[in-house]
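Take a look at this single chain, the form predicted alone, given in structure tokens.
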């Protein structure tokens, strides 16, 4: 229970400080955030956009881990956990797409530009959309679990590539793309002042705890649903 309270307080502080603290080209106090060239006020999206992208990868890799475990042990609970993690990964991937689209609107003039970063995450959404279509199409539980596990393993291997690697090896509009004069971006190169860094890592921790809570809740709900169907 204590860690849930900690998570709530941490995320509340991230939202309040990430949005509320003033930004200045030349910070004079500890509570002023520095302006990042090329991002300005829009740099605040880093506190929310990057953690959702990180959680997408974490969730998809978690799904893969439980998929491997299912193929080894054939425990239905591992299939439930794999599916739950994939579902949360899909949700956070959508959130990463939406927050990125809002940033693109203010920075590039439109919500969607088919930048390599946008294209890669769109492909990833299609890959996991197909995963859920596969699960819906197969009625036999053991066969569905086995096929889903194999697919989850293959799909998860592509997640880090599409989210973190592909957008950085291709020329694009997104910060950190190949040829960006500002380098790999403020997150990768840690071009963040201490106050921004504290808020950023607090956000990563808070969002990770949120994922753990949502994952446990989703698994428990799925178990109850399964037990209800078994009685029915």
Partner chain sequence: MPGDSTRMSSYARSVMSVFLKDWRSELRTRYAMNALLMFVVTTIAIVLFSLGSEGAPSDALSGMLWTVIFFSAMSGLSRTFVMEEERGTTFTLQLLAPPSAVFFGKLLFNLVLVLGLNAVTILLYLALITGFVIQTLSIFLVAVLLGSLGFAAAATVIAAIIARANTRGTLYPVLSFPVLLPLLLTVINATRLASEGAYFQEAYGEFQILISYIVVVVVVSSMLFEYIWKD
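What you see is a predicted model, and the numbers here were worked out from it, not measured in a lab. By rigid core we mean the largest C-alpha set that fits within 1.5 Å across both forms. Residue numbers count along the first chain shown, from 1.
From this point on, the text means the form predicted in complex with the partner chain, which you will not see here.
Judged against the partner chain in the model of the complex with a 4.5 angstroms heavy atom cut-off, the residues 55, 214 and 221 are out of contact without exception. In the model of the complex, the partner chain sits within 4.5 Å of a heavy atom belonging to residue 74. Interface residue remark: residue 102 is not counted as part of the site for the partner chain in the model of the complex, having no heavy atom within 4.5 Å.
Using a 4.5 angstroms limit between non-hydrogen atoms, residue 88 is distant from the partner chain in the model of the complex. At least one heavy atom of residue 127 is located within 4.5 Å of the partner chain in the model of the complex. For the partner-free chain shown, 126, 127, 130, 133, 134, 137, 138, 139, 143, 146 of 124 to 146 come within 4.5 angstroms of the partner chain in the model of the complex, judged by any non-hydrogen atom. After superposition on the rigid core, displacement of the C-alpha of residue 115 between the shown form and the other one amounts to 2 Å or more.
Superposition on the rigid core between the shown form and the other one places the CA atom of residue 76 less than 2 Å from its counterpart. In a rigid-core overlay of the protein, residue 145 has its C-alpha displaced by under 2 Å between the shown form and the other one.
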